[in-house]
Every structure is written in C-alpha cells, then in structure tokens.
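In structure tokens, one chain follows: the form predicted alone.
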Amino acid sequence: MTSSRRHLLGGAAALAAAWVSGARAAEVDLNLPGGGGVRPLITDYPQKGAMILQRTRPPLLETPFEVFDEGTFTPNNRFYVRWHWAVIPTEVDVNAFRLEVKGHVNAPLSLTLRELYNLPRVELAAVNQCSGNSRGLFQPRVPGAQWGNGAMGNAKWVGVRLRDVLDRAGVRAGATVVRFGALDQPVVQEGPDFMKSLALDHARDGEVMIAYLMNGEPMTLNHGFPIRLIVPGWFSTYWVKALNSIEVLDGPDENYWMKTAYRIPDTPGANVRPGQTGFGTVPINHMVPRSFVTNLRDGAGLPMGAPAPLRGIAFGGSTGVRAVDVSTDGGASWQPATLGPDEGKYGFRRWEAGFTPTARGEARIMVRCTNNDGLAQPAEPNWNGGGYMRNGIETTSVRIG
C-alpha cells in the first residue's frame, strides 16, 4: 500500500470544476411529486461512473436506478455518496493514521492500520441506505435532500468486529454508550463535529464492524477510506465514514447528531400527520423492509399477450427477506415471487415473477416485501417532517398495447 491515498483533484473541488466546465452527460428526471425532479447525470466525478448529482458541497450523489437491475451487489463506482460536511478528507497518510479508542476503558488505544488488519477478519453483506432515501417522494414535500429511490446500495464488507477492538481496550464497568468520530470537519468553527453513538450492547453484538474493504476493494475516499463503521440493519447515518475515534461513555450521548438531528416520531412506522404536534421523538435506528421493480420504469410500454417477466430487489431492513409478493392489477390480487440466492440477511435479495398482459390500457405493478420478523411493507407510505423511513408499497405503471 502506498503512503497515502488521494482523491483525484480533491473531492468536491473536482466536481465543482466539472460543473463549471459543463461536462454533463445527460439529465435524469426523478419524477418527484410536484415536479422539480430533473437532475444532472454526471460522468466525471473522481472514482465514479455515471451518477445523479443531488448536491455539490457536501457531495451528494445518487445511484441511477437502472444500476439495481444489474445484480445483487452495487458496484463501488455507482454506489451513492452522502457526506454531512463539505470539509471531507481528500488525502489520508496511511502510515500516520491512527484509530483512537478512549473514554471509559482500561487501556486507551492508538491503533495503526496494520494493527487493525491483524485482528480476526470478518465479512458481511449489508445494505447501506440513507435515512432520507426517497425523501423527494414525500407528500406534502419536506425539506432536505430530495432523493429519489437511489440513496442506497448493497455491498460485501470486510473488516474486523468492533467488539474485538473494544475488548482489546477493556470496557470498564458502568459503560453504557460507544460514540464514533470521523475525519470530516464542520465548515464553520461552531459547527458540531459529526458523531454518532450506539448502546454498548449493540456495539458489542459481534455484527457491528469496522470495514476496510468494500466489494473486495479498498474503500475510496468517497466511501470512508481508510475505515468506516458498518452497522448492519440500521440506517447509514450510523455508518460513520473515515472513522478515526471510538469513545466509550458512562452516560448518554448528548451530542447534536444524537440529541437533535436524525430523530423520528416515536410512533409506529415513524408516521404522523402533516402539522401534527405533541408526539415524542427517538433517534432513527433500524431499517424496515422495502422492495422494488428494477427492470421496468413508470410509463414503459409492453405488448399485450407476450410474456413480460418481472424482476427486482428486496431487503428486510433489520432482518432477512421471508417473502416477496407481486400484484399486476393494482393490489386486487397477489402472487408470490421467486426469491434468488440469499447473500445474507442484511443484503439485497433478488426476486422474479411472471407476467403476461391480457388487456390493453394501464397495468399497475406493485411489489411487497415481508421480512423474517413478519413485518410487511404498508399499503400507504408514512409521513414525517424529516422525510425518513419511507417504505410503502411501490407501484410501477406500464402501458399495455
């Protein structure tokens, strides 16, 4: 490994330069309710293929949805990108890098990457999904990045158990929370450092991991080089990129990103009515089941009487996929889909179903995932002011002629 790994031209600066030069391949319409869904499709962001540009600084890049039809795992160069602060790492000296483990521990650590790599290696397939994935589809509209459905991806992560690192430091009695810090920085001095935390029992469950490989390759700086936290089954706000600090606390974490930001209504499905008040909130946490048709887009045309196989992806959120059901008549009747290989309970699961249109006009294709806990996608999407946790049954309308 070389002594440093550089993001070409310095991350967001490179994208800004490309933007000024007008180097755009095309535009994509995300078909957001109320309009305003046209986005540039950029092709020259460092270490990326064609991506939908949501924001330049900090970089927010969305995966074009057709990528999800290509396979179970999302290619690294098409995997969505989301940072909170614009001051992101553009270069890391791997020889000087240290992961600090401190706080309520017996022996504080300052681990080199080599020391980390020498710990027992583990591998896990898991979906990384932005808390606000599909926010642009909320009605009425809510503030924040107006993502379509592409702020997610599935990868095979390789690294070490967080538990092994914590055990090496020796967690002291009375510890309750583990907090994680990163190399990215606020753009203003008073801005709160990005930090997230997990309850100690969760942090030590043997599944939470510190990853250094993503789909068999070292992570690029886009995705958190040299190491990032992997919290399978939970939204990606906890998947801290460019992880450099682990702090064990003996009390609650009162930092901004836990106490104020990324909170959801403490209601079933995080669902409230627009304008509703008086409900409690909790930090966003585990994901919920979702499923999508990937080989057809809204408005596609299909010939009557000819077989038109359907396929797509599903994931169970905090557990695996039990079943996927498909309707081709707008929900009046359902048929079970055939599930593809199980790559792990936290990853995408491919599904397929048969469809032969028999009547001209519009056909409304719906897909519903039920996870291993028996939780199924609801018929109607939820709503909350943060635009979080959308997982209603998706509908793809096609023209039969």
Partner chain sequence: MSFQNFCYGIVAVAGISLALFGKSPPAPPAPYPPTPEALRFAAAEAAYPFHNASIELPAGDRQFQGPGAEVANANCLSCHSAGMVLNQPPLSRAVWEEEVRKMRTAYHAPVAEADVEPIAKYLASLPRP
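A quick note: this is a predicted structure, and the numbers were derived from the prediction, not measured. Positions refer to the first chain, counted from 1.
What follows is about the form predicted in complex with the partner chain, which we do not show.
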item	value
Interface segment, criterion being heavy atoms within 4.5 Å of the partner chain in the model of the complex, picked from 290-298, 137-145, 263-271, 315-323	137-145
Residue among 199, 86, 304, 122 with a heavy atom within 4.5 Å of the partner chain in the model of the complex	86
Residue among 221, 248, 229, 99 with a heavy atom within 4.5 Å of the partner chain in the model of the complex	221
In the model of the complex, residue 107 touching the partner chain (heavy atom, 4.5 Å)	no
Residue 192: touches the partner chain in the model of the complex, heavy atom cutoff 4.5 angstroms	yes
4.5 angstroms heavy atom contact with the partner chain in the model of the complex for residue 31	no
In the model of the complex, residue 63 touching the partner chain (heavy atom, 4.5 Å)	no
Within 87-112, the residues that have a heavy atom no more than 4.5 Å from the partner chain in the model of the complex	88, 90, 91, 92, 93, 94, 95
